[in-house]
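Have a look below at one chain only, the form predicted alone, in structure tokens format.
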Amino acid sequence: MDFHFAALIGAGLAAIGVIGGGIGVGYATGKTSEAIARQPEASGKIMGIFIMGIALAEATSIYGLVVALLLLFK
């Protein structure tokens, strides 16, 4: 198998991580909305934890995207 074709397959597999990050962010947003609806007085604490979680989820998506781009343009 040629290296170029293997890199294309690897880039496609690395891009799957971007999909997972999007699903994780959507799920976290829904659960955060539910938590704030149940306890509005704790919204500041909930939002702080939510933002940290979103940052981690987005970071993993960006790593997958960077790996995919590196494999595409190598």
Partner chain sequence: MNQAVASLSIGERVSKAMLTRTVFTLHPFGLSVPISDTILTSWIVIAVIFLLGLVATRRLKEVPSKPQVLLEAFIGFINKTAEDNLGHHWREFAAFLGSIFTFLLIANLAPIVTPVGGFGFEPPFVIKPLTRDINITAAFAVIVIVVTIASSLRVKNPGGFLKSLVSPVPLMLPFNLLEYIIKPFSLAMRLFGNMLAAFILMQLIEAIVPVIIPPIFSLYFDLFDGLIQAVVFSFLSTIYIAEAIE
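Since this is a predicted model, take the numbers as computed values, not measurements. Positions refer to the first chain, counted from 1.
Heads up, the form predicted together with the partner chain isn't pictured, but that's what we're talking about next.
Proximity of Leu69 to the partner chain in the predicted complex: non-hydrogen atoms within 4.5 Å are present. Proximity of Phe3 to the partner chain in the predicted complex falls outside the 4.5 Å heavy atom cutoff. Within 4.5 Å of some heavy atom of the partner chain in the predicted complex lies at least one heavy atom of Gly48. For the chain shown alone, Ile9 is not a contact residue for the partner chain in the predicted complex, no non-hydrogen atom being within 4.5 angstroms.
Contacts of stretch 58-73 with the partner chain in the predicted complex, defined by any heavy atom lying within 4.5 Å, are made by Glu58, Ala59, Ile62, Tyr63, Leu65, Val66, Leu69, Phe73, listed in sequence order.
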